[in-house]
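Next up is one chain by itself, shown in structure tokens, the form predicted on its own.
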């Protein structure tokens, strides 16, 4: 069997490219997810801190009361306890009357804009090398017979906030790492699922026989339909070309055989009418050449018939036993002329196979013709039909010249054994039988006989009951 020609590789594997793209996309998604989780965690932590810090700074401002000699200020311990509950944080505060510090820490970062009421203004700042989150409010108090603004600033370090963000980001990183461990097997499975239909389509086309030129009707994804359409178009053009070639061969063989028959008849008449030895020898050589040419034309015709019917193959129930009996009757006159005994066995019971009766008849005729041609006069041919393991096996055993061990590929076109050069033949008979067997999903083998001669076996699937 000829090895299919491989296509030129494109330098990359579609499966590998899909896997790498899936892995790369997953890595990008994990990185984006990590930074997104970290950003959201920071914002959530800061919003939580702002809510507590805002409530605390308002509570601190509520503790400011004007008295006769100035301001009185009570630190709300509940508010500071609430801030302390958020973690091991340090707390700073300041009370300012205008630009004058009344109480608390000096040089706390001022708010970016002066608050006008008790609505907190939140901002970030640095104090004593610590990052702070600060809130500022302004409260008006009656002092020295005038309304004056007291600005309260309350700050808290951001260690707890940063720790929460880091912990959340670390958890997200572990989740992402675990996801990446699953990415490779998931990518392989995804690539297999994507490439799977291509492999199935390839298998469906590869399993076809050499004569199978039917359109590809295997289910295919929408993305592969243009490729399947192009493949079917190519098959249609190839089928048309083959049909044209076979038609030409069929007509050519037919046109050659007819005049050859006429020349053969004339040569035989001339041979019977002449008595000169030299002329008779020439006429005999002429008749042999005509017989070879006529036989070759007939077998080319049979070959074209088998090829054509293989492409149009529509199996129907065929009784192989009855067909073999018919072919045996057609070769009986030739067998009797050479006193060759044909012994049939197993042809009395029906043996139905799905097939083309014309192709099978051509195949059987060629098998028997070969057996007769290479049998010795007064020889014996056994024809045995049996049903074994769902197969119909027709075996034809002759007692002729047999096979030469060094002769290979006798089933190839125009191949003949090295021990049959003196017998008229075209080298197409066995090829026709093999191609007919393959078209039926069967098999044809040629083996040496048990003691002498040749054993030809045609195996065909039986019809399902």
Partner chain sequence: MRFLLVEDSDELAKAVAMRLALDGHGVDRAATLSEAAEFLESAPYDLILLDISLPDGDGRDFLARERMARRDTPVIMMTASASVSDRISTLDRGADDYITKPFDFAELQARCRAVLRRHAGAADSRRHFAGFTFDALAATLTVGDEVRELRARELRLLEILLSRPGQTYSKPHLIDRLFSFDEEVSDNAIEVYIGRLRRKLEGSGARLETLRGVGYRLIPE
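Note that the structure is a prediction, hence the values are computed from the model and not measured. Numbering follows the first chain given and starts at 1.
Another form exists, predicted in complex with its partner chain; not displayed. Remarks below refer to it.
Taking 4.5 angstroms as the cut-off for heavy atoms, does residue 319 touch its partner chain in the model of the complex?
No, no contact at 4.5 Å.
Determine whether any heavy atom of residue 342 comes within 4.5 Å of a heavy atom of its partner chain in the model of the complex, and answer yes or no.
Residue 342: no contact with its partner chain in the model of the complex.
Is there any non-hydrogen atom of residue 128 lying within 4.5 Å of its partner chain in the model of the complex?
No.
So, in the model of the complex, is residue 280 in contact with its partner chain at a 4.5 angstroms heavy atom limit?
So residue 280 counts as contacting its partner chain.
With the partner removed from view, which of 185 to 193, 170 to 178, 389 to 397, 333 to 341 is the stretch that lies within 4.5 Å of its partner chain in the model of the complex, judged by heavy atom distances?
Result of the contact check: 333 to 341.
Is it the case in the model of the complex that 89, 90 and 141 each bring at least one heavy atom within 4.5 Å of its partner chain?
So, no: the whole triplet misses its partner chain.
Can you pick out, from 378, 117, 223, 74, the residue that has a heavy atom within 4.5 Å of its partner chain in the model of the complex?
Checking each option against its partner chain in the model of the complex, the one that comes within 4.5 Å is 378.
Please identify the residue among 243, 96, 294, 310 with any heavy atom within 4.5 Å of its partner chain in the model of the complex.
Answer to the contact question: 294.
Can you name the residues of 262 to 280 that have a heavy atom within 4.5 Å of its partner chain in the model of the complex?
Contacting residues: 262, 264, 265, 266, 268, 269, 271, 272, 273, 280.
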